[in-house]
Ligand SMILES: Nc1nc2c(c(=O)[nH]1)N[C@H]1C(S)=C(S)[C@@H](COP(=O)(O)OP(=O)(O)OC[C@H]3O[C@@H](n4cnc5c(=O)[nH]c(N)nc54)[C@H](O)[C@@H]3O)O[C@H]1N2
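Here you get one chain, nothing else, as structure tokens; it is the form predicted alone.
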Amino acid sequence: MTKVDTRCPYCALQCGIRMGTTESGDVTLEPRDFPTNRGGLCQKGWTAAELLRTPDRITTPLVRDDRGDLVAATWEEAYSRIVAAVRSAQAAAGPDAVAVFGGGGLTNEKAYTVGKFARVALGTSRIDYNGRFCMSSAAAAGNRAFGLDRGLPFPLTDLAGAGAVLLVGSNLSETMPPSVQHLSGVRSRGGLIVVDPRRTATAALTESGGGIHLQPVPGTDIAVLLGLLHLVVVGGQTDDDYLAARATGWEAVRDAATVWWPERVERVSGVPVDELRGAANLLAAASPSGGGSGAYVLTGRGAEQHAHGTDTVTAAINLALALGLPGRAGSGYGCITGQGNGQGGREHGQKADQLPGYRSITDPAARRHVAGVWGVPEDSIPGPGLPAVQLLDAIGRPGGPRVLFVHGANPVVSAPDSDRVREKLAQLDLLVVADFVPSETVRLADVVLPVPQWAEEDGTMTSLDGRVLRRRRVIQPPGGVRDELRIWRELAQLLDAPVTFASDPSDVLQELALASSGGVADYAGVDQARLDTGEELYWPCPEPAHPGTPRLFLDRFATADGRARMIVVDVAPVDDDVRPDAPIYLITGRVLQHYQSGAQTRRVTELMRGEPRPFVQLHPVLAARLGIEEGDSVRVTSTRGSACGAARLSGDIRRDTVFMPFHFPGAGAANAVTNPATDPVSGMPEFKVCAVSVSREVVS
């Protein structure tokens, strides 16, 4: 048996696995010891190899025929259809008539190349990706506070020594189960604080050892954070020496927090005063200035996926800075990255406003540098495009995209107001989707390009704490499949691109290293040879001899003066708040068995046995008021659409709130209900809260 060390295909933990192939062609998978998973895997990781054998694997290009059916075609036929549509659209309406929608699961090499393909081969500014739905609010807040965005600016393993961890809007026990072991120390010390409207599996961890679960009204996390800051200020528990030396804007932030006394926070958020005080005291006692062993403030999607998510994360950062946590060994602020390459995927050019190395596309120096690496004139690189929600909404409008490429994403399920997204995609002249299974977006495509799965490709990924890691090919893809790097190279040639595109991952990584050199996310010292020795390289890694940077900000922040920026923020109402005709909050999220849009996990037998269909979690008191019993079909309706699921009664959720997982399509699609209103800074849509009516569905 041949064995290969590689990575789990799912979340940003990038757990270490060892895969084997037998003489008969069977594929085996087992965990291996790696810092993030320490020899463990979740259900999704254990069953990942089953997806390699899925019977509906796409192994040949497909094109839509005159009858409207997707039929097998040659690569030449697929390319011909694409090239003709691109040229026609751009001749009629200019370069931005073609758009690209990427994904946070693409390798670093593919994320880099799709950004280059959009701007060089297509000449379009219209590129963004599904990471806009994931970490964009935390990224925006981190960039404006610290001058740099890395999900965790310290190794995940550092959490083990903490005296307190404040976890705002993240359900690690279900979304990243192997990560929970890193919280065992803080749990044993009674210092875990979880902020979530539901008593999730993660919130339940606070019940052993004296932790605290704060259960606010959906959309009021910022009030809770401002209240915690208020208590730290009035308690004289701020780290004044640290603030004087390492931050600006503190006085204004401190003054703004004075109006968020605990009783006011309780009225707004529903969090009892004594619980808020207890949380503030735990954090302060564990912080360096309090003589503790260290404290961390961590945010997740529950805090970030709001129309004011950037301000909520900023409030979390202000709290962390007031306690003197960022840039201190054993303490810090961080964001829990979700997608497998959510970190690397946003660093090298998929975002509408970025160039490789996390450079701004409007920065003249950045444009000159990247143009030199690409071998194109600086003025040929387009300016900033549209963030994901606006990009999709522009379809069918004057000047909007007529051709759309989708790589590594399933927006028909994952985007907010998904019924409208489906309608928008139907207005395109041509929809091109690269995938390996017939996702819901694939089924709408005019051209489908079959690409490799995770175990059939080579490249690098970047974990949630900034480690650049090797993904290794274990098996060869089916004969009719082509790697995206090859596809972009061949399409670029057919579109008469001014430069040649590399298609070997090691060559692309070398080019990425050059393009990112000197940028915020500097990979200049990263290459496959170093990674293949087992060396752990955290970016920034600016030269071949550099050891990498596991812990950021120890000496200075990445701002011009080296000091963190504290910014005043305030509570803002939910964009789609409850009212008489929609008196209940809907919140959405993930469950243990499924991942993202479910296109992969819904094809794994064991995972579907565990969670086979959509459900609506609601409190028994709410259910009784609405005449709903366990297992009833329940309809959840907003002004945008409705979704159905089986009633799941639970005392673990607030009485004014229902929860639905977002992994399912069709009648159970939670994102048919969610709100596309976006954060003005980050472009993040407000997935996590909207007003709905809830009723028992009468099944005839």
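Residue numbers run from 1 along the displayed sequence. As the structure is a prediction and not an experimental result, all values here were calculated from the model.
One more form of this protein should be noted, the form predicted in complex with the ligand, which is absent from this view; the next part is about it.
K.L.:
Note which of Asn143, Thr238, Thr206, Thr588 lies within 4.5 Å of the ligand in the model of the complex, where distance is taken over heavy atoms; exactly one does.
P.N.:
Contact with the ligand in the model of the complex is made by Thr588 alone.
K.L.:
Which one, Ile361, Ala247, Ala623, Leu172, lies within 4.5 Å of the ligand in the model of the complex by heavy atoms?
P.N.:
Only one listed residue qualifies here, and that residue is Leu172.
K.L.:
In the model of the complex, do Arg150, Gly466 and Phe557 all put a heavy atom within 4.5 Å of the ligand?
P.N.:
No, none of the three is in contact.
K.L.:
Any chance Val180 has a heavy atom within 4.5 Å of the ligand in the model of the complex?
P.N.:
Val180: no contact with the ligand in the model of the complex.
K.L.:
Tell me, yes or no, whether Asn410 is in contact with the ligand in the model of the complex, where a contact means a heavy atom of each within 4.5 Å.
P.N.:
Yes, contact at 4.5 Å.
K.L.:
State yes or no: in the model of the complex, is some non-hydrogen atom of Thr200 no more than 4.5 angstroms from a non-hydrogen atom of the ligand?
P.N.:
Residue-level check for Thr200: yes, a contact with the ligand.
K.L.:
Is there a heavy atom of Val451 no more than 4.5 Å from a heavy atom of the ligand in the model of the complex?
P.N.:
Yes, Val451 lies within 4.5 Å of the ligand in the model of the complex.
K.L.:
Please determine, with the chain shown alone, which of 509 to 517, 316 to 324, 67 to 75, 400 to 408 has non-hydrogen atoms within 4.5 Å of the ligand in the model of the complex.
P.N.:
Every other range fails; the passing one is 400 to 408.
K.L.:
What residues, if any, in 532 to 568 have a non-hydrogen atom within 4.5 angstroms of the ligand in the model of the complex?
P.N.:
Heavy-atom contacts within 4.5 Å come from no residue here.
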